[in-house]
Ligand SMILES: Cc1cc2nc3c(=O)[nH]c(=O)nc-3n(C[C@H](O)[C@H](O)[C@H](O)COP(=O)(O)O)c2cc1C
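Shown next as structure tokens: one chain only, the form predicted alone.
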Amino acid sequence: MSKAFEHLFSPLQIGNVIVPNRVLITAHTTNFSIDGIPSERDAAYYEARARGGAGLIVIGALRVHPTTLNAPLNIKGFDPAVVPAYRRIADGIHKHGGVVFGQLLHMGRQITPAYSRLPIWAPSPIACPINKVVPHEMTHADIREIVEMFALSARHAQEGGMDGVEIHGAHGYLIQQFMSPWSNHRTDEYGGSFDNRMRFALEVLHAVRDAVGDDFVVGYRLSAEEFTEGGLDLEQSIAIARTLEATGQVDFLSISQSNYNPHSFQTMIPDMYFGRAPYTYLAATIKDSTDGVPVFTVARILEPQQAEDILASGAADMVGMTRAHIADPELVVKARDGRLDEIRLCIGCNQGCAGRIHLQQPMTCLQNPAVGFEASPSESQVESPKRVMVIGGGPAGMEAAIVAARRGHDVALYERADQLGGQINTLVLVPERAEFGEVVRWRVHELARLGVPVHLNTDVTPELVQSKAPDVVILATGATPAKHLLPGLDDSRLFTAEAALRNPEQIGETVLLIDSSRHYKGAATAEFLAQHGKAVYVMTKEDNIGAEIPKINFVGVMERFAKYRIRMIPRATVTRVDGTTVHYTQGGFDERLEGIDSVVMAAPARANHALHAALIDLVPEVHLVGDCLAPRSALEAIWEGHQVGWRI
């Protein structure tokens, strides 16, 4: 064991349970369940992370009532049919020495009734700012029913072999809705004063404790800051934490932040724009203000040394490293063995995890496309190794080469440029998106570790391929940035987004950015140019930019647009350009924009697949992956590279 992580690898007693280390995977939706029951995919997913060394894994969210179901993928914690599935998960985690808790959740007003066809329940008939559905104001009978269902769901977790439960009183969900004066406007004994607003939370806590007994861990998740005018702040949350601890029935406090107010919503799962560990101060304050109850901290804790430093400072007793473990389930083992360079770091893009969950799709990970397929032998050794030539050293090509090499194939990688990385090398020029560089760093390191020959500055021709006589060619030649000429606009004033990022000094002072990328290309380029002092207008044919930006990230995009005074022109199309005047149509009306020095296009790129036709008759097996198949995002490119590396 590395002595550098003495705090990280020290055990912690929580109630009657001893957790072997201080590494926590917090509850997060996977969307792997089937008809409300956790699946074999769930069991394999969690076992892989226990095998990788995580000390405590919290399973969730376990829904406690039919009124909080918003998709068939939600886990029905209230249904006794979940118990055998819980047992499979718990057994898999316990087999590797890990501890497992289940998180109990009612979302209150933070869902829509489209799936359940039931009215949504909340303390007051105030619509969620995100989902905008007016809820049913809960009666006293409704409150009693939900309290009982929390207790029932806790018993199911206990019967399923879990070591404890966590009551979800954070993120603006039902319990927090009762506690916060922002969402609770009741005038009865459940609203108004602090004690009244705490009543529902305490009733749930007491009922859960009565249901599971004293020898079963019961914890509480708390948003210590709502970042909302009129909502809970840190001072009020200190009072909440002290009240919970004073009951003697809470074994730990897991400190988070946020509600569903748009500004606050983005802080729930902060993306790379927030930096590292932005909210540890909340847990530190709660820990300093309470009397010894173990306190957990969360949010963008990505590396073992970062986690060690937090623990050593006394800011928290456990560190949540959830997305870090989605990206690399072996993070703890690698840290223990001193193999820090082998850790595949989360980059905080939220594209495969939160982004897909909010689309009601199974979770994946841009960095780790094997998420959800842990039970599949994706890297089992092949019986008959093949000579594999990978052409293109962007993320898709690198991933394909890594997986194929791990499976035992004889792999060589060829890249036209003088470095690996493809379009990622341009993307990271945006300072706030520099963490995307980890996509390249880890893969370059892994290629070297596996001994894959990398040939840079090599323009692959059919003749070169024929001379190497590969059994398989994986074509990962990417795509070329596109720009479309506009009537009247001199080409010297028209730039691709990629060119603007590489040479911002060539862009005029007032810029029109035409965005059809549907992702971050347009938004990030606009922000980058504004940071360089440009006056930026963004035009799109759609209602807004970034249709494929994860919902939880998009709030931040709009806030930064406001900060940099980037002006939006939606539902518009350029018709012609006269000098510095851009003429366009919007909503059937002819409009114009004066004083435009440069036009930047953030458009889908054009696939580079010309080599494909020439290779079909030369090589027994040819595969296209990534943008040369169809220009999309790095999420799809890496997924395809991984899949092809596995199939050959």
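Owing to the predicted nature of the structure, the values given are computational and were not obtained by experimental measurement. Numbers follow the displayed sequence, beginning with 1.
Just so you know, the form predicted together with this ligand exists too; it's not on screen, but the next bit is about it.
Enquirer: Out of the stretches listed (166-174, 228-236, 515-523, 133-141), which one is close to this ligand in the model of the complex, meaning heavy atoms within 4.5 Å?
Expert: Of the stretches listed, the one contacting the partner is 166-174.
Enquirer: Using a 4.5 angstroms cut-off on non-hydrogen atoms, would residue 299 count as touching this ligand in the model of the complex?
Expert: Yes - in the model of the complex, heavy atoms of residue 299 and this ligand come within 4.5 Å of each other.
Enquirer: Looking at the partner-bound form in the model of the complex, is residue 106 within 4.5 Å of this ligand by any heavy atom?
Expert: Contact with this ligand, no.
Enquirer: If we define contact as a non-hydrogen atom of the residue within 4.5 angstroms of the partner, is residue 51 a contact of this ligand in the model of the complex?
Expert: Judged by the heavy-atom cut-off of 4.5 Å, residue 51 is well away from this ligand in the model of the complex.
Enquirer: Quick one: does residue 55 come within 4.5 Å of this ligand in the model of the complex, counting heavy atoms only?
Expert: No, residue 55 stays farther than 4.5 Å from this ligand in the model of the complex.
Enquirer: Which one, 282, 120, 557, 357, lies within 4.5 Å of this ligand in the model of the complex by heavy atoms?
Expert: By the 4.5 Å criterion, the partner-contacting residue is 357.
Enquirer: Which residue, 75, 545, 316, 321, is the contact with this ligand in the model of the complex, using a 4.5 Å heavy atom cutoff?
Expert: None of the other options qualify; the answer is 321.
Enquirer: Quick one: 221, 268 and 363 and this ligand in the model of the complex, is every residue within 4.5 Å by at least one heavy atom?
Expert: Yes, the whole trio is in contact, each within 4.5 Å by some heavy atom.
Enquirer: Though the partner is not shown here, which residues of 5-32 have a heavy atom within 4.5 Å of this ligand in the model of the complex?
Expert: The stretch 5-32, when checked against this ligand in the model of the complex, contributes 26, 27, 28, 29 at the 4.5 Å heavy-atom cut-off.
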